[in-house]
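Listed next as structure tokens is one chain, alone, in the form predicted alone.
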Amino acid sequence: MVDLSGVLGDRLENTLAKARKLAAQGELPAAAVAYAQAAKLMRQYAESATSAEVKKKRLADAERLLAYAEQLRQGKVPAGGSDAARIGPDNEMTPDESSYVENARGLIRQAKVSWDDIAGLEDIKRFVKESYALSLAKRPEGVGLPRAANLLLYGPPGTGKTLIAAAISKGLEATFFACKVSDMLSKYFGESSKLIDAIFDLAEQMSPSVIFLDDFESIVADRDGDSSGAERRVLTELLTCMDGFESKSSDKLVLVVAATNKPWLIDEAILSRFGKLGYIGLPETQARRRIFELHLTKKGYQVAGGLEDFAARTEGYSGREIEQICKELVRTMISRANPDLADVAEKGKQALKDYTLRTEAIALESLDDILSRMRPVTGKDDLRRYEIWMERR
């Protein structure tokens, strides 16, 4: 299994340092063993490459290390040393700049969610609109205005933080970069920091832009404790890019929106990079009604009774959980309205194509049955933890 945690790169670097030291001391048999171990680690390191070019180069480096180990084992030391002795995890061939730009471009998403799809959050909407205005409006002569501040969204899981970021992007008619930090740490291991630099450069070129950093706590959790070297490098590069753009005189808008379920893991130095902390809590009654409307009546399904009754029964559930409840309600209704559907399926594809599905009103009793089996993930103790953290701000 490929080690994507940062430990592999550190092991490779340490093994090479040991091998060089042994060779310099003239302990050739021991140096040969160390270089052979480094070759094995380099082959594993090749599996984490983000392009065929990088993988090919690392595999070639592994072969050179192995050949050098064999030379040392035979007591043969090349005059002037060997190129293999200068191989390391930090100086192997990497994709050229265009490769990183293409990877950054691959993170661009088409935002389809608008502000109309987001209930409430008027303070966040106003903050974003004012940030946009600061980047475009004419400035009074001799007056220096602050740049657009970054936004940190926090709250329980499933409350729609990603949707809000997408809505911000569409509302600003901005390029939307959807970056899941945990994926970047694994998929782009060893090269995440260079990708981040490319993202910020491309975002500036395609301004106005929104860079959405999901799973933000994955690189800021315990940053002074057990975080890996890869996480520290990514965090350093991210903060450097944020600070660097803040210091620029450019009037282009690049808004960083980060999302986290665990804001208490983020220290003050990092929080200071965000001009607005937005709490995204569990949906209130009207928001829950809106979610049921979007996923049921707006899609053509009838509901027995009012949506207010559905909203009243789902207090404490997140938006994502209510969406799942709606899907289960539809499946239950379809099964009840079409008791012969499984029998028709056994008759083959053509029979199903000729079959017309029947629908009926979704009953409140079905909701009660589903809720008895699906409890909300976020409990009162979890909500209290957010309250305590907010009180300490």
Ligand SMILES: Nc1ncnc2c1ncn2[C@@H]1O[C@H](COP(=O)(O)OP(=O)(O)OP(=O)(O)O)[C@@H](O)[C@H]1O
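Just count from 1 along the sequence shown to find any residue number. This one's a predicted model, so the numbers in the text were calculated from it and none came from an experiment.
There is another form of the same protein, the form predicted in complex with the ligand; it is not shown, and what comes next is about it.
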Which one, Asn103, Thr175, Ser218, Asn261, lies within 4.5 Å of the ligand in the model of the complex by heavy atoms? Asn261
Given that the ligand is left out here, which of Leu239, Leu277, Ile108, Leu294 has a heavy atom within 4.5 Å of it in the model of the complex? Leu294
Only one of 153-161, 268-276, 303-311, 67-75 has residues with a heavy atom within 4.5 Å of the ligand in the model of the complex, and that stretch is 153-161
Any chance Arg320 has a heavy atom within 4.5 Å of the ligand in the model of the complex? yes
Under a 4.5 Å heavy atom criterion, is Asp214 part of the interface with the ligand in the model of the complex? yes
Does Ala198 reach the ligand in the model of the complex if we count a contact as any heavy atom within 4.5 Å? no
Any chance Leu121 has a heavy atom within 4.5 Å of the ligand in the model of the complex? yes
